[in-house]
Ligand SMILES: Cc1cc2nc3c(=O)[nH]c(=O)nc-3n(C[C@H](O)[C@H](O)[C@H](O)COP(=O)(O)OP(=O)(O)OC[C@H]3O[C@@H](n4cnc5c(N)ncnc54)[C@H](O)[C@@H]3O)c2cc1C
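For reference, the chain that follows is the form predicted on its own, supplied as structure tokens.
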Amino acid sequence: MNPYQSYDAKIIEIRELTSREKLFTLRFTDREVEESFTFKPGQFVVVDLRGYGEFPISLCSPPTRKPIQLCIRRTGRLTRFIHKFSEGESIGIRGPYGNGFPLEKMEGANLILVAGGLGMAPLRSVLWYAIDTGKFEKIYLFYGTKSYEDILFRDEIIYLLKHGEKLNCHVKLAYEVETPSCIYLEKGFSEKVCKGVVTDLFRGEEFDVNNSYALICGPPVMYKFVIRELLDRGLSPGRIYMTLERRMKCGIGKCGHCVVGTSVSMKYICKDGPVFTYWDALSTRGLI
């Protein structure tokens, strides 16, 4: 596909996930584009609201399933605008862009997915790809959320809390704000749900650090503590992957908006990432 061209995509379903996030399910109008469009978990597309502007957004559905889905938080002018769209309307999509997670080299190993808040969106693509393909030893999902009402893909998370072990997927959830719904959920899954932060979910878990990879996405403050937890457990920096998306704009390395580092080590988040290892973070100033 032409990386510079956006293609018409019809919104076939809009689902409200929380008070701020909506899930858009899209199908390309051109049948050939729809059939040929593929991507890697961790890659992103640019949404083209013709005449109004563009914004990058990660794909939250796995490449093993069609049609594609985008989880969009209402944060600014363009995202407020698209939240007013209705099913049946069309938008432009160009991409996919970025490197994505190198899941082919992780096959046969444990995947430790650590998500905070909206970081659940890109990791959902990895989660369902890993479950669908069955190519990994075991899948762990540690998800930190503010409250019950903020849980993204709540139905799926609760389903995996109940049935995840049958799918080789071990899910745990941490919440910060105590509400009756959270207390009820914790009573139902006392060993998997707790009040606290996402690193609290590591308690009682043992990993073969030589056969595990950690994939992290969440607010910047979360990375420091999650990475420290993983390093303390002996995971190599080269086995810790992070997806960083907050600085991207054009998606193809032309605008320079997402450049970080110095002349010794300079990177474009959009085309060198958005997935980086902790080694990359150590050698590139300002990466996280």
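All residue numbers refer to positions in the sequence shown, first residue = 1. Bear in mind the structure is a predicted one, so any value in this text is a computation, not a measurement.
What follows is about the form predicted together with this ligand, which we do not show.
At the 4.5 Å threshold, heavy atoms of residue 75 reach this ligand in the model of the complex. Residue contact with this ligand in the model of the complex: residue 248 places a heavy atom within 4.5 Å of it.
In the model of the complex, at least one heavy atom of residue 79 sits within 4.5 Å of this ligand.
At a distance threshold of 4.5 angstroms between non-hydrogen atoms, residue 260 is out of contact with this ligand in the model of the complex. This chain lacks the partner; the member of 57, 26, 235, 227 within 4.5 angstroms of this ligand in the model of the complex by a non-hydrogen atom is 57. Note on the interface: of 164-172, 129-137, 113-121, 197-205, the segment with non-hydrogen atoms within 4.5 angstroms of this ligand in the model of the complex is 113-121.
Contact here is defined as any heavy atom lying within 4.5 Å of this ligand in the model of the complex, and by that definition each of 44, 71 and 274 is a contact residue.
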